[in-house]
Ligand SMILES: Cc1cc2nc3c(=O)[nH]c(=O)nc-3n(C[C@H](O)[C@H](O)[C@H](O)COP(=O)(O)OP(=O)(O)OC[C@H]3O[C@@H](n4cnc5c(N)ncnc54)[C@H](O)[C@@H]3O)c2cc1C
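Only one chain is shown below, in structure tokens, and it's the form predicted on its own.
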């Protein structure tokens, strides 16, 4: 048998059930909107910044890789390349990857990588009775997933011109499964998952509008409006969105996986030979950007993201993404603090925080906050 052999049929074991999808919601036009609440301004200033973090999103123009591959005597299930939506898509693609791994018939399964994909896949496999061992150089709180925002909104992880129709069809189903996976954790003590009143702002003019990723019906209280928008933008999509705080969430998911029987081994796998030397014959690859070197995936590109955290403001219970003349800004509230973001540097791998970006985001969010008083 050749060392590498793609297992197209294996990928169909789980995803073949995804061929029937919920019909897409029709595009809608803006509705009349009267704010039923007031918005407290974010207190954004440099002296309130508690930390600034940098992470590299594992981006593939053709979308995440979710398929099986035969390497000599081993079967490798790939589950990586989710761009900035690893946490968002974790329950969807991890459930599919766990199903493909289980279908190999092997009781003992290795998972490589302990970011959100590795943790979720290990948890699902352990709950299904498999003997699971996770191998990772870094564990929470030191993974790339710990750097993430996270607003649950699956977008920006593929190039429309590079992705296949088959990927889009399956992706829509997995988006809906991913959202469903988070719902049992909302407001559950210790998990850091809760609803936010979210606002996607833009300068869009009236016209027809496409459905949101996965279908409009999975975004509660969705409204599209051109009047009375937050900060006075031309257009706003307002809906309830999930905020996931990885500072809490990843620790709890890892503990859940351990309680279900998964074992964790600190191990640095630098080469494909290191991977193939693992004792398990079924391996789930959740290494993110690491798959570029381990498995030769040259399509993987890092996208640098930088976040600054402000001191907590319990009164901030809304979120937003807003374009400005100096770049996009977004704000997500957490119990641990207010997350300010808005960087997207394709192909950039620097891990040192950029002071100029900290100043831009702090100043930009302060400017947006100042518009609230003029709207009052």
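This one's a predicted model, so the numbers in the text were calculated from it and none came from an experiment. Residue numbers count along the first chain shown, from 1.
One more form of this protein, predicted in complex with the named molecule, exists but is not displayed; see below.
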Q) Can residue 192 be called a contact residue for the named molecule in the model of the complex at 4.5 Å between heavy atoms? A) no
Q) Is the gap between residue 55 and the named molecule in the model of the complex 4.5 Å or less for some heavy atom pair? A) yes
Q) Does residue 218 make contact with the named molecule in the model of the complex, using a 4.5 Å heavy atom cut-off? A) no
Q) Would residue 260 count as touching the named molecule in the model of the complex under a 4.5 Å heavy atom rule? A) no
**Q.** Contact stretch among 264-272, 228-236, 167-175, 251-259 - heavy atom within 4.5 Å of the named molecule in the model of the complex
**A.** 264-272
Q: Sort through 213, 302, 102, 84 and report the residue having a heavy atom within 4.5 Å of the named molecule in the model of the complex.
A: 84
Q | Sequence-ordered list of residues in 328-356 near the named molecule in the model of the complex, where near means a heavy atom within 4.5 Å | A | 330, 332
